[in-house]
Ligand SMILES: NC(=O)c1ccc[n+]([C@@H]2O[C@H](COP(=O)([O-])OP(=O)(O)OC[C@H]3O[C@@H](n4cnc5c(N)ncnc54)[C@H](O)[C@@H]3O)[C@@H](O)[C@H]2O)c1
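Just the one chain here, laid out as structure tokens, in the form predicted on its own.
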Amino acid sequence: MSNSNQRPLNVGLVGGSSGFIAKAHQRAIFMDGTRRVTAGALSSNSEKAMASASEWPYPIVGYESFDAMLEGELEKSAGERIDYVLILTPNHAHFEPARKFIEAGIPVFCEKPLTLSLQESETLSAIVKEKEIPFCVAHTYLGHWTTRLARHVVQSGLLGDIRWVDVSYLQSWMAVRSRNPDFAKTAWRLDPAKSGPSNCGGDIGTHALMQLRYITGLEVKALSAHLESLVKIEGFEADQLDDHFTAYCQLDNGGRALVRATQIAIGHKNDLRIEVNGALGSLKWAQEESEKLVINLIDQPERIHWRGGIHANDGFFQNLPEELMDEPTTPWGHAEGFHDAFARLHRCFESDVRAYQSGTYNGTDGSKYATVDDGVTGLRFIEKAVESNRNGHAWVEL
């Protein structure tokens, strides 16, 4: 990690003139005092991009386009130019800026899904590997400390062989937001040309998949999927994308999993949760109660473990990683949340960016944040789910 003797890293934004995700990233960037936003091409509309930059709460360099930002920043000396770029545009506008900044040697932190198509994501992956450069896909919920503890618990074997995983992401967004007059601002998510082959699956189903893969270390080997549009929107009747996504999965260890996501469940807000069932016990975690991890072992009482209440010498947990226990958190009883998870991802990415700049970067193993290859896997999962759905929900191998 960085220290007080190092200058703050400069971050450039592609997109980000509005939207709660953009604001969450901005808070996360500043949370440690070791990163700052210094430049931005904040909209695809050049006039809006410059106006948004001029209205920024503090001075940043505004650019009319991401191409102009890349050119302008490369003209600056090291230490003055941006150290990494954060891409906050809609799905269809991820690939080109990511490709160009990576090819120019500037690390990229990109919102998910990685790109519009599997082919684009595979192209990006090849360039990242050729350049040996840090690349992060913004799967937020990997940043929760308890998600990282859950990963250790499952992969240490405490639950035994994993037999069944139920992971879901339930929202009411479509059912509620589609009734509002301003729905047109986010209706692009239903357009295949802008969102890709799936709305619900691509937007939040990929988060559910990533939570499954990250915590268990297992991969989906085959799936049978249903993609459905249950809320009909005027103007999208012919090719409206899904708002309800279900995939029954075979895992590469022989186990089974259900990956489901919906945007039409009234009463659910941001309800991402996972239950992992093994031969010796089970584990439960929910994003809306992200401070706690519930563990049940055969013939033992249920255990609820709270972030901050776990110690390295706890006899229940075996060989807790030093880096996990040293990870900065707020004090026990002071809830961490969404912005802390974002900040943890940026903090880990910062460490790799600094290593890259010093010539000591040796790649990432995916334990700190989602990689470009995780992004590829997400796109492959979605495209195979679409294929299965179109073929009568037939089983499709990944």
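The first residue of the shown sequence is 1; numbering continues from there. Keep in mind that this is a model prediction, so the values were computed, not measured.
The form predicted in complex with this ligand is left out here; the points below concern that form.
When contacts are judged by a 4.5 Å heavy atom cut-off, residue 14 counts as touching this ligand in the model of the complex. The closest heavy atom approach of residue 370 to this ligand in the model of the complex falls outside 4.5 Å.
Residue contact with this ligand in the model of the complex: residue 364 places no heavy atom within 4.5 Å of it. This ligand in the model of the complex comes within 4.5 Å of no heavy atom belonging to residue 308. Judged by heavy atoms within 4.5 Å of this ligand in the model of the complex, the contact stretch among the candidates 69-77, 299-307, 259-267, 201-209 is 201-209. The contact residue chosen from 140, 287, 147, 246 relative to this ligand in the model of the complex is 140, the criterion being a non-hydrogen atom within 4.5 angstroms. Shown without its partner, this chain lists 321, 90, 281, 255 as candidates; in the model of the complex, only 90 has a non-hydrogen atom within 4.5 angstroms of this ligand. Of the residues in 188-205, those that come within 4.5 Å of this ligand in the model of the complex through at least one heavy atom are, in sequence order, 188, 189, 203.
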